[in-house]
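We begin with a single chain expressed as structure tokens, specifically the form predicted on its own.
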Amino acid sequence: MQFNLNLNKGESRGYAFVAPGVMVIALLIIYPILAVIYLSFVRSGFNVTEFVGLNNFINVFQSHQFAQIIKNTFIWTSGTVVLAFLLGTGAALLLNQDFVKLPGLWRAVLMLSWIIPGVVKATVWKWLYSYDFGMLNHLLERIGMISQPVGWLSNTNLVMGTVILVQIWATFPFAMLMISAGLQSIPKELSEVAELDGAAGLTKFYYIFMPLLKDVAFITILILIIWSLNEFALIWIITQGGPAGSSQILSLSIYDKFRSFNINGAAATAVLQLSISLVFAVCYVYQAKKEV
């Protein structure tokens, strides 16, 4: 009986230590999420709040820009995730080769593009893409690849590709780091045995490395997807969603509605984005629990 009493006292002390953290999480995360969900189902006015059900979502879906925003979001997410993962995987495989000297140093150099603050990255790239003063146009003109400056940020056919390139540059080191960790966990004996059996290059990668890296690759791709879906600062600083909405994605659409005081429309769009992100977040948690 005395043991149970002490145990209960210990549990009470544990709850007391945990309570401040739980309260902070509830205040900063749970309450805002619940408030946004509530606003997505009502129409707010001057001292008047009216429940409207799914009308805010219907208005978002019927917006003439919605189809373009969804298309841009899909192109942005798929382009950045696929290319960043492939580039990161290629860099990890290259740095894992025996002939590469000082692989740790090269990894540290490549990681710089990931650890630089997002606002700094976006601002630097915006200047690089500048029509009049951009270093990119100047360099391409000097080597003869273009005869006049290119409007990287004003051409509706080019702007999405330019911001995708920046996001790839910023996130591929994360994929490289994850895949490198996976490669280093693979015993070298497996690779040596495969080489003795005649496997090399792509054959060894397909039959040896891929099955052992599939879980790491899956989690890496999920994290990249969530990051891309929720990215805001980079696109906003470089293009602000323009020109003519050609680089507008869901996260920017939320901010634009908020700036125009369409609070309920912004909340509905935020709930839509949250729902999409939650699908991938649940997959990530499920896969992470399997790893444990």
Partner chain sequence: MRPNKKSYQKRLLVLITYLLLIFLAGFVLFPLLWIISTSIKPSSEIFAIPSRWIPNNLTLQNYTNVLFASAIPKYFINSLVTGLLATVLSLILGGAAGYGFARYKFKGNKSLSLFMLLSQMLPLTVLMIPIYFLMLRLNLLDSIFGLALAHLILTMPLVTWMTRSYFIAIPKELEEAALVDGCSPLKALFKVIIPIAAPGIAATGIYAFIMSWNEFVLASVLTSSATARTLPIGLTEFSIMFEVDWGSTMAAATLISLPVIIFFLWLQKHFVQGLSQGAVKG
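All figures in this text were calculated on a predicted structure; none of them were measured in a lab. Definition used throughout: the rigid core is the maximal C-alpha set that superposes within 1.5 Å between two forms. Residue numbers count along the first chain shown, from 1.
There is another form of this protein, the form predicted in complex with the partner chain, and it is not shown here; the text below is about that form.
Colleague: For residue 237, is any heavy atom within 4.5 Å of the partner chain in the predicted complex, or not?
Modeller: Within the cut-off, so yes.
Colleague: How about residue 244 - does it come within 4.5 Å of the partner chain in the predicted complex, if we only consider non-hydrogen atoms?
Modeller: No, no contact at 4.5 Å.
Colleague: Using the partner position in the predicted complex, report whether residue 60 sits within 4.5 Å of the partner chain, counting heavy atoms only.
Modeller: The answer is no: residue 60 has no heavy atom within 4.5 Å of the partner chain.
Colleague: Does at least one non-hydrogen atom of residue 40 fall within 4.5 angstroms of the partner chain in the predicted complex?
Modeller: Contact with the partner chain, no.
Colleague: If you check 48, 67, 33, 54 against the partner chain in the predicted complex, which one has a heavy atom within 4.5 Å?
Modeller: For this set of options, the contacting one is 33.
Colleague: Assess the spot marked by 159, 209 and 220: is the partner chain within 4.5 Å of a heavy atom from every one of these residues in the predicted complex?
Modeller: Contact check failed for every one of 159, 209 and 220.
Colleague: Just to make sure I understand: among 239 to 277, which residues lie within 4.5 Å of the partner chain in the predicted complex, judging by heavy atoms?
Modeller: Counting only heavy atoms within 4.5 Å of the partner chain in the predicted complex, the contacting residues of 239 to 277 are 251, 254, 255, 258, 263, 266, 267, 270, 273, 274, 277.
Colleague: Given a core-based superposition, decide whether the C-alpha of residue 19 shifts by 2 Å or more between this form and the one not shown.
Modeller: It does, since the residue 19 C-alpha is displaced 2 Å or more between this form and the one not shown after the core fit.
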